[in-house]
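Single chain ahead, by itself, as structure tokens, in the form predicted on its own.
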Amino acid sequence: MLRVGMIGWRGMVGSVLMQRMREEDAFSGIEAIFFSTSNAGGPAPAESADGAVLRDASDLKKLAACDVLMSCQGGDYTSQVFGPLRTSGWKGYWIDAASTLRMEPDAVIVLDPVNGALIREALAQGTRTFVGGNCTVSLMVMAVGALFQAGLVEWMTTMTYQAASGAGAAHMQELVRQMECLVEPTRASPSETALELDRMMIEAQRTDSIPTREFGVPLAGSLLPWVDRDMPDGQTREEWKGMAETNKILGLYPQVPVDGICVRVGTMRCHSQGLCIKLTKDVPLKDIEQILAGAHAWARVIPNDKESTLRCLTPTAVSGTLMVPVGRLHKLKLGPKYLGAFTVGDQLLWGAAEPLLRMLSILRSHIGS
């Protein structure tokens, strides 16, 4: 029976992964060992096969006793233990949600609905490091990756609208507290005019009383046109990932240029993206819709009308589901080779936990065969 070590299972991504594993009965047929960085010796989840006791996540010997290690603990943890584990001779499979190893030449970014063949080829060649992709990139590839695979994309720009939860649980909590600070002034004067209400909101956003420890500035009632750290040439690292990870996920050569602006907005969950795609040739819109709709089981093409768009193409509609809808599809006034699109997806599912869950399933089938 496959011995699978779970690290970081109590965090946001880890909790979603645990939920999905329970829903898919993924603990059946494996020996699950739960590790902790802060509570070794404490009670483990009911799925634990090791006496229901949490193991020390820094204990290399206990980690190395596992055939597979699944980590949602974060990049610092990966940097701390992955190298020493491999140096010690551990030849198990490492499945990770963190970005630390994504661009390593011997690691595969996993998103099997679009690169399942690449994953299986890597397994056959002996690859043992598999990493979930950047949440925004993964959702974009799930939505329009079929166009890249068909050789129809010359270049693409993406303008993102990224949820607070993409930054972590503490950021979600701070957004709610910021919202409370904005709502509070209206309770005393609910009948104020629109201009007065606007003045009260701006005043509340600019006071020192609104919590900004996590975001640095108010997000509620605003947006943040900067995500992650800075990179050369004016990009942020989040924007750099767009081209680097898209091409690696899809195995594209020569690389297709991808760039844009990444923005944090005041939604709790789901990342949205506005896309401008330069096609390699003039393709009828109907053909494009068929390519996208047939990409995989979770693809949905939303008709480009107001009612369908507002009903189906919002974070509220998509949150908590595995669907990755794409809509607002139309040729731009720039010319017949320019395509506009808008997509939204739950970044805690396809952008984080789901590829790890499915990688474990693929790995079980591979080892079983």
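All residue numbers are counted from 1 along the displayed sequence. Since this is a predicted model, take the numbers as computed values, not measurements.
Keep in mind that the form predicted together with a small molecule is missing from the display, and what follows is about it.
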Query - Among the candidates 114, 167, 123, 182, the residue which, in the model of the complex, approaches the small molecule to within 4.5 Å (heavy atoms) - result: 167
Query raised in the report: Which pick from 95, 153, 135, 146 sits with a heavy atom within 4.5 Å of the small molecule in the model of the complex?
Result: 135
Requested in this report: Look up in the model of the complex whether residue 158 has a non-hydrogen atom within 4.5 angstroms of the small molecule, and give yes or no.
Outcome: no
Query raised in the report: Taking heavy atoms and a 4.5 Å cut-off, does residue 244 contact the small molecule in the model of the complex?
Result: no
Query raised in the report: Taking heavy atoms only, is residue 162 within 4.5 angstroms of the small molecule in the model of the complex?
Result: yes
Query raised in the report: Looking at the partner-bound form in the model of the complex, is residue 238 within 4.5 Å of the small molecule by any heavy atom?
Result: yes
Report task. Name the stretch: of 264-272, 213-221, 249-257, 70-78, exactly one has residues whose heavy atoms fall within 4.5 Å of the small molecule in the model of the complex. Result -> 264-272
